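One chain follows as structure tokens, the form predicted alone.
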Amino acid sequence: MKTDEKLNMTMLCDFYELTMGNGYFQNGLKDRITYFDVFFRNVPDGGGFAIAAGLEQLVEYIQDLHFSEEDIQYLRGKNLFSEEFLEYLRHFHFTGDIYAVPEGTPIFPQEPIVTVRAPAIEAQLIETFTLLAINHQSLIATKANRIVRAARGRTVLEFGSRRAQGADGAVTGARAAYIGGCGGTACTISDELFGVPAGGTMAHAWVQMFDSQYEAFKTYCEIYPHNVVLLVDTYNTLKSGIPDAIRAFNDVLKPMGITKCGIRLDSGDMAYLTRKARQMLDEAGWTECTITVSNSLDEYLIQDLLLQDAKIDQFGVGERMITARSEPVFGGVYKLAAIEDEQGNIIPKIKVSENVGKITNPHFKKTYRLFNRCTGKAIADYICVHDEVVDDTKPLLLFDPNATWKKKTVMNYEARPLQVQVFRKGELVYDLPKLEDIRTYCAQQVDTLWEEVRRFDNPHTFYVDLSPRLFGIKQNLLQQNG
């Protein structure tokens, strides 16, 4: 059992990171500079884009990297590692560079989300946690953004803690959902740790605890008059739930001059019930009373409810968001892109596969996002070698790297680098933004995408193109390794 007051996550790595590290150490490769890219190959749910998230947790992990004496003793007991390597681990800390796409940025397949430049052992050791942090939160942020867009401006709350894949899945999942656009969470600790607004009112158990539903509603209104949302489907929504809620509002809130309140539905035909509920509330004079619905919702069910003219002000979404149930794996990978020789020259590396989609883009790279200066909309992403500079005062020829005859010349555009430097020589050089600012930035950046890219079904493919120089390097390596 760990005795550190703060849980040390350094050993949260695949065991082969350590066996490879020991091998690098034994063969004099521990100081060999390597370049690794984190990227993904397919957008979840067949969507047009994903949302980058998880960088803050990666930063915290990197800053706390160290092997405790308990870790060293555990590894010694495996009888696989040299004493010299264990001594190296005893003084281990990260000394490399990390570049990353800011959280909340729309991202696309094949482009680097995170780039790690570091000595081989350091770069290998952080692979597992890097993927864990980026994959999980990017997945949830992406799913949440789909659900929020389906709600057409109505508030979406994250309700998934009790169905999440473990405690961390609930806590950081709520954070990612907020980045994706959710208005808040039911997960209290996510508010305490990250500032994700937490809220909630009652469960069915509250109603069942009292001798009558009216008494339960009246008591709640008396205790929380400025935060009333009554759960009206414990017994019969239309015959007793809403009538008892209106009675409680009239008896407690109305004399206090309070007009803002709400009801929640967690079962039944939501389209029919919310239309009837809205009619009953309005006729009783409670026109400002909001209607919240929950119960296994996702983007498609929300879309259908609104198409059926459901009268809903707010959605509570749980299991299908926090687990990304429809496609619960993001699929980000961590692949070697280059190494440096003893003179510091960058030597590009490529992974070849019979599966064309698994062939990597080599070299230390830079990605630009091109924006139309008139509309502000994103045109394409342009991946080039790290020392290439896009001059956006001149026309730029783009071509599809998978179908090179497809070409387009873009003019009147702005080229913005996609990644920022996060660590330099092991030191944090990036000011982590506030979560609220990340959420706002995410909404702004999603809005730069054309509606055709944002649609759920058969979205338009947003092009991620290679510079001629990078494309040529890749083709040469393919010929050499074919």
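Keep in mind the model is a prediction, meaning the values are calculated, not measured. Each residue number is its position in the shown sequence, starting from 1.
From this point on, the text means the form predicted together with another copy of the chain, which you will not see here.
Using a 4.5 Å cutoff between non-hydrogen atoms, A186 counts as a contact of another copy of the chain in the model of the complex. By the criterion of a heavy atom within 4.5 Å, T259 is excluded from the residues contacting another copy of the chain in the model of the complex. Taking the partner from the other structure, another copy of the chain in the model of the complex has a heavy atom within 4.5 Å of a heavy atom of R325. By the criterion of a heavy atom within 4.5 Å, L131 is counted among the residues contacting another copy of the chain in the model of the complex. The chain is drawn here without another copy of the chain; in the model of the complex, the stretch among 395 to 403, 350 to 358, 382 to 390, 306 to 314 whose residues come within 4.5 Å of it by any heavy atom is 350 to 358.
Candidate site formed by T155, L253 and K407: none of these residues places a non-hydrogen atom within 4.5 angstroms of another copy of the chain in the model of the complex. Taking D298, D97, E319, E111 one by one, only a single residue has any non-hydrogen atom within 4.5 Å of another copy of the chain in the model of the complex, and it is E319.
Taking H136, R369, R117, H363 one by one, only a single residue has any non-hydrogen atom within 4.5 Å of another copy of the chain in the model of the complex, and it is H136. In the model of the complex, the residues of 17 to 36 lying within 4.5 Å of another copy of the chain by at least one heavy atom are, in order, E17, L18, T19, M20, N22, G23, Y24, Q26, N27, L29, R32, T34, F36.
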